[in-house]
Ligand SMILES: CC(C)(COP(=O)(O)OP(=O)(O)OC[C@H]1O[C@@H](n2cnc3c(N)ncnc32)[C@H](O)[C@@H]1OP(=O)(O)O)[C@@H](O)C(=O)NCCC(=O)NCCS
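The chain that follows stands alone, in the form predicted on its own, written as structure tokens.
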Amino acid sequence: MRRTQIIGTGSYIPEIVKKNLDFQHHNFYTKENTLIETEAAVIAQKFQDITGIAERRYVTDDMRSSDIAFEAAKLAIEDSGIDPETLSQIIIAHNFGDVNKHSNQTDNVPSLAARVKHMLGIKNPFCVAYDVLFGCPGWLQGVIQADCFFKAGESETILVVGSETLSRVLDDHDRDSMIFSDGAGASVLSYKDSDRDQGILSTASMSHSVEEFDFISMGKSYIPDSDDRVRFIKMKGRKVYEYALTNVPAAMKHCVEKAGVDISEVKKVFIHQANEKLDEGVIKRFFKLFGVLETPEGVMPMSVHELGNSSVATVPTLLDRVRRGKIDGQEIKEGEVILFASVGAGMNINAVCYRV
């Protein structure tokens, strides 16, 4: 049977390490523009206790999202061993396009995918390059779209990249800004025959856009008298947390049942690196939906502690790091079933069940 298979991965981890102590001189405000009197160092420690994030990565001043997407793409293509001229599509998932240092104006023309294709030097005009905007689940949605194109007979090999430089759109006076980071992850996918049913077994996607649609959005700085014309990423943290705990486990369960595999076969869950306690809560509820009361040990690789939340880049970066043996105690073996899942602005959720 032919299935969509991941044949190469790559990632780019930015050079600048920003630790929680680096926020100790910040003045944080509430959304009502009231100064938070608690010391920034105390806020940062409480933040770490809740999210598990001790540090995050930011790009250098000369790098933009398309640049780090290119770096991750190069590694994925090299890992796959393909000729890049044979790519049918290049799909770049992001949310803010290219943003220059000292500006938060987004630049999406030409598309980031077109820019990456140009940097890769691909001349084949039938290699179609386009972007996906789907919140944090963007890379996974690109994978799902690739799977659909393969099944429709329209493509054979596709590059999917998730890249973000959230450090360029952060409000330094918002506590939630400490969650976000920069990064890029890439995968090369191919539609191939497999004797052991390797590849994508099932997919699932959801969008809730009624009262949930603005849980993550853009808004002005929390500092008093800020310019309303300058917008930053904003998040209703409690709302997002509750939404994810309620809806993500159900979407994951639907995907596993659609694949027709037993829950005991799921050996790893690559979940969007949003927040340690949130991810642990989602995984616990997911297994409970199958009557499994104890979360299997080691089932959830994590990178949020050192890399933060890089939106569309968290899942492909995590996958690449596990494949390359860069996360202690984590590996994936042939024949194992793994599950990908993500949640983000929209609000959107998706999942992919995959046999290695």
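Start at 1 with the first residue shown and count on from there. The model shown is predicted, which means the values in this text are computed figures rather than measured ones.
The form predicted together with the ligand exists for this protein as well; it is not shown, and the discussion that follows is about that form.
Fill in: Listed range touching the ligand, judged in the predicted complex by heavy atoms within 4.5 Å, from 173-181, 282-290, 152-160, 258-266
The contacting stretch here is 173-181.
Worksheet entry | the ligand: the contacting residue among 102, 123, 229, 238 in the predicted complex [heavy atom, 4.5 Å] | That would be 238.
Discussion item. Which residue, 299, 43, 63, 302, is the contact with the ligand in the predicted complex, using a 4.5 Å heavy atom cutoff?
Written reply: Only one option qualifies, and that one is 43.
Worksheet item: Using 4.5 Å between non-hydrogen atoms, is residue 344 touching the ligand in the predicted complex?
Response: Judged by the heavy-atom cut-off of 4.5 Å, residue 344 is in contact with the ligand in the predicted complex.
Fill in: Partner contact for residue 50 in the predicted complex: the ligand, 4.5 angstroms, heavy atom
Heavy-atom contact with the ligand at 4.5 Å: present for residue 50.
Worksheet item: Does the 4.5 Å heavy atom contact test between residue 94 and the ligand in the predicted complex come out positive?
Response: It does not: once the ligand is placed as it appears in the predicted complex, residue 94 has no heavy atom within 4.5 Å of it.
Discussion item. If we define contact as a non-hydrogen atom of the residue within 4.5 angstroms of the partner, is residue 275 a contact of the ligand in the predicted complex?
Written reply: Flag for residue 275 set to yes.
Worksheet item: Do all of 202, 252 and 349 end up near the ligand in the predicted complex, with near meaning a heavy atom within 4.5 Å?
Response: Zero of three within 4.5 Å in the predicted complex.
Discussion item. Using a 4.5 Å heavy atom cutoff, which residues in 297-331 contact the ligand in the predicted complex? It's fine if the answer is none.
Written reply: Contacts from 297-331: just 309.
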